[in-house]
Structures are given as structure tokens and as C-alpha cells.
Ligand SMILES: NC(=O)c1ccc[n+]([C@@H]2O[C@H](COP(=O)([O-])OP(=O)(O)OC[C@H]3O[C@@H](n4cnc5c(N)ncnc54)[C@H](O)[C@@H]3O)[C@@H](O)[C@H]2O)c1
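Have a look below at one chain only, the form predicted alone, in C-alpha cells format.
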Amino acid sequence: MEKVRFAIVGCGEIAVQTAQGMAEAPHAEIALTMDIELALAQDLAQRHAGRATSDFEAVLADPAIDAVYIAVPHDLHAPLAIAAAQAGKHVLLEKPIATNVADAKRIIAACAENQVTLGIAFVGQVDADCRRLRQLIAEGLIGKVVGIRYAALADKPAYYWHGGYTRRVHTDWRISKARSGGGIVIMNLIHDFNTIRFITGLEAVRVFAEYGTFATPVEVEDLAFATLRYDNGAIGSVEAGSAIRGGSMEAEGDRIFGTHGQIIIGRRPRVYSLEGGQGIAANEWVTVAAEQPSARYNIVEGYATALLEGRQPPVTGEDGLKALEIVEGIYRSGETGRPVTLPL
């Protein structure tokens, strides 16, 4: 079976999960791991019978590498992705695509100019539940989408800012606005922006936001609220916080409101429809959940098969850009106190 030979660049927290997805994906192979902390690269290589290095230039020069998966601090996404593209390597890039829209466009341009395929490690487009929800909305099950509620409410532990959730790597990039690009909005909520775009097919055209840092000794925001307007006239509300003491009591996730029903997006998505159809009973909540592989498996296998078949990956650079535009719109609005028109 033909496989895409990956180099993993950045062997911290999320790379461990992605490496497991690569190991399980039939069309992917871990050929090399790279981190400036060699011990991290060696640890990941030993888990998956790969080679390890601390030299990024060695990755670019290695003819055995087809594609690089980049999972480094956000400010390094642009320089490393552009260098990989110029070396002729395909690029699977962790979210966010970059810390700002200008750098995102530079990455997209570099990949296009060097005829390599750029993919972004978002889940929505490769998730079976999200694809099912997209189909139900397209078929009119909940009528016209008129409202969207985003809720990313977390109580991140103090150690997260210097070690992530697993404390695999001690670092301070998450607390820096310049290095991370921001806090809860760019680190977490950007996933939701991509997922809702995919499920509804709607694009945000205006955003007004307020945000601040209230309970965390960092440069980035730990609380943000925003209102969005969409190209079909729908309204969105955003609630995001990383210092919500006690966390959120609503574990159900984001909601999509339609004229004839609504959808709750979470670990087990649910649908309510006045008229029903497509296997969904009318006037009652119905769970829509498919048995499927892990999210990281789906991301890797979706990208690898697209690469081997010479087609567009499930999540493109443009998808990454569109999600980032909403994020940057929130930050610009919060800084200026004015609504921001999208796209930027």
C-alpha cells in the first residue's frame, strides 16, 4: 500500500496524539521526528520506530520525507511552513495556520508557488458527525440558519501556561501575545469557527467584540465576548474564557438555531426538527453520533489519501485563513472598540 512518509516537526503535546493517529492510519508513515529538544524527538521516534533529529534543515534535505507535519509554537508556523514548501515538502500544519492573516496568506502563497499541498489540522471536515450535520442542514432539516452560539468556557490550570495540559514540555510561548497570537480565542475557539463554517456553509461578514485578561498572569486574553453577522443575515454570539472557575456546566457545546429546529454540537451531537426527515423524528431530540476512528486518525488519513490521489485535502489553507480572519477580527474589534468587516 502506498503511504505518505511524514516528518513530525515539533514533538510536544499535540504531536503525541497526531503521531498515534499516523501510526494507525493505513496511508501514513512516520519517517522522522524533529524537535530542538532532541530527547522529545527521540521519545516519539522510539514509540513509533522512527528516526530522530534536532536539525530542521536535515528534515528539509531528506529525500525520504514526502510531507512535514508542523506542531510548533504559533509564531514559528509561517517561517517553518514556508521553508518546507520551498524545499518541496507537502505541509500539514497545526492550527492556527498562523498568528495573523498576513502570515497565513504568505504560507498559502508559498505552497501554491512551490506546488505543494497545504492542509490544516482541523477536525470538522473529517469528522463523520460533522459531515452528517452538514448534510442535514443542506437538506433543510432545521430550516434557514438564523443563529449560532459559540461556547468555549474552560478553567485552565495554572500549569497549562508553561506546560500545556500534559506538561510534556516546559515553555512560555503560550503566555506571550507575540508568540501565541492570543489566548482562548486563537488557541481553542478557532476550532469552533472552522467547524461551524463547514457545517453551515456560512461566512462571517462582520464582528464586534470585547475581550480582556482578568484572572491569569499572562499577556493574552482569558475572557472574550463577541457578536457575529453572517452572509445570510444570521447572528452569532461568542462566549470564550479560559479562567471560568468551575468550568462550564453546559458540556453540550455550540448550537446552531434554525427556523425549524436546532442542532447541538458536542461529543454526541443532537438535532431537533419540527418536521423531521432523513431518519430524524419530528418534535423530539435525536442523537446523531457515528462510530469512527480518533480525530487525529481522521486528520492524518484524510490528508494523506488526498495527497496520494492528487486532490484537494479535506481542510485547506483557505479554510485555515477563513477561521483565522474571524479570530483577528475579534482582536481588532476589541482593540478599536469598533465593528470589523470580514474578510480582512
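What you see is a predicted model, and the numbers here were worked out from it, not measured in a lab. Numbering starts at 1 and runs along the sequence shown.
The protein also exists as the form predicted in complex with the named molecule; that form is not presented, and the subsequent description refers to it.
Per the 4.5 Å heavy atom criterion, the named molecule in the predicted complex is contacted by stretch 89-97, the sole one of 145-153, 218-226, 238-246, 89-97. Note on the partner interface in the predicted complex: the residue among 111, 199, 187, 204 having a heavy atom within 4.5 angstroms of the named molecule is 187.
This chain is displayed alone, yet in the predicted complex one of 104, 121, 265, 85 has a heavy atom within 4.5 Å of the named molecule; that residue is 121. Residue contact check for residue 35: one or more of its heavy atoms lie within 4.5 Å of the named molecule in the predicted complex. For residue 40, a non-hydrogen atom is located within 4.5 Å of the named molecule in the predicted complex, even though that partner is not displayed.
Although the partner is absent here, residue 10 lies within 4.5 Å of the named molecule in the predicted complex, judged by heavy atoms.
The shortest heavy atom separation between residue 271 and the named molecule in the predicted complex exceeds 4.5 Å. Not one of 182, 327 and 331 is positioned with any heavy atom within 4.5 Å of the named molecule in the predicted complex. Contacts of stretch 51-82 with the named molecule in the predicted complex, defined by any heavy atom lying within 4.5 Å, are made by 71, 72, 73, 74, 76, 77, 80, listed in sequence order.
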